[in-house]
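A single chain, nothing else alongside it, follows as structure tokens in the form predicted alone.
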Amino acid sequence: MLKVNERPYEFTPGLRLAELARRLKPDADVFIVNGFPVPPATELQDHDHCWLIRRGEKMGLEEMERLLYARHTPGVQARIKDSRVGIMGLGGLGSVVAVALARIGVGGLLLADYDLVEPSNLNRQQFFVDQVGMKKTEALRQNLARINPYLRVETFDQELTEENIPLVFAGVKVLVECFDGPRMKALALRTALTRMPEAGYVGASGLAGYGENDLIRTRRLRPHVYIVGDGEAEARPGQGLMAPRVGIAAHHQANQVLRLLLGLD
């Protein structure tokens, strides 16, 4: 049995993708099998996952989900599309993590930050010049809607504390710490360990400047608790926060979130 655009289709030996398209979607001009683009002459195997897509097709919810299923390893999208992830801090880490998770089709994001977009944020954060002065929560919500309009986005634009974090983020599958300051980083980790033991946790420490790429690492502290960074490079005079290295760390965080959602602890 094949799966074609997430629907079952009877497999017959020798069937090629071009013939399948002729039967089911004659205007298709993009062909994907098991998450990888292939030519229409490809011979199909039993249990293949196939997608037939027409370039430029306007996407509703069903088409958007179909594209995400198409480009990801079979089985991945079904496991993450209903997941809810919390992000604490929407700066150079948090805004990039949010964009990455929106692009892969995570079902819902809870975004928390009480700051406004400032000109100094634009060197590394996922905001635009015309959004300066807006609440970060609302500006990022707008930007994510342009990427994935079917993403469920919740926002919290007040200061986070040890008391309200467990309430605000109740029910999230993974909690992502993206604060700038060490005090809030320590508070978030302590709160997660003592009051949210069921949630996965991905924090960050040491990502300033332009040091070596490979020093950014993902370290496992304990089951479902991870810290990303080099553990040393803090922001200070002469060593600022810059988009390339912050982005490396943010994508480490996003990938670790994905691994936790998939049960790869």
Partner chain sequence: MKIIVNGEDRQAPPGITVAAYVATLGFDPETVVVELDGQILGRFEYDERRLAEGAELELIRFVGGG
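Remember, predicted model here, so these are calculated numbers, not experimental data. Residue numbers count along the first chain shown, from 1.
Although not depicted, the form predicted together with its partner chain is the subject of the following passage.
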Task: One stretch from 78 to 86, 126 to 134, 142 to 150, 174 to 182 that, in the model of the complex, holds residues within 4.5 Å of its partner chain by heavy atom - done: 174 to 182
- [ ] Given its partner chain in the model of the complex, answer whether the residues 54, 68 and 108 all have a heavy atom inside 4.5 Å of it.
- [x] no
Open item on the list: Under a 4.5 Å heavy atom criterion, is residue 221 part of the interface with its partner chain in the model of the complex?
Closed with: yes
Task: Close approach of residue 231 to its partner chain in the model of the complex, 4.5 Å, heavy atom - done: yes
Task: its partner chain contact in the model of the complex: residue 196, any heavy atom under 4.5 Å - done: no
Open item on the list: Under a 4.5 Å heavy atom criterion, is residue 50 part of the interface with its partner chain in the model of the complex?
Closed with: no
Task: Sequence-ordered list of residues in 191 to 215 near its partner chain in the model of the complex, where near means a heavy atom within 4.5 Å - done: 193, 194, 204, 205, 206, 207
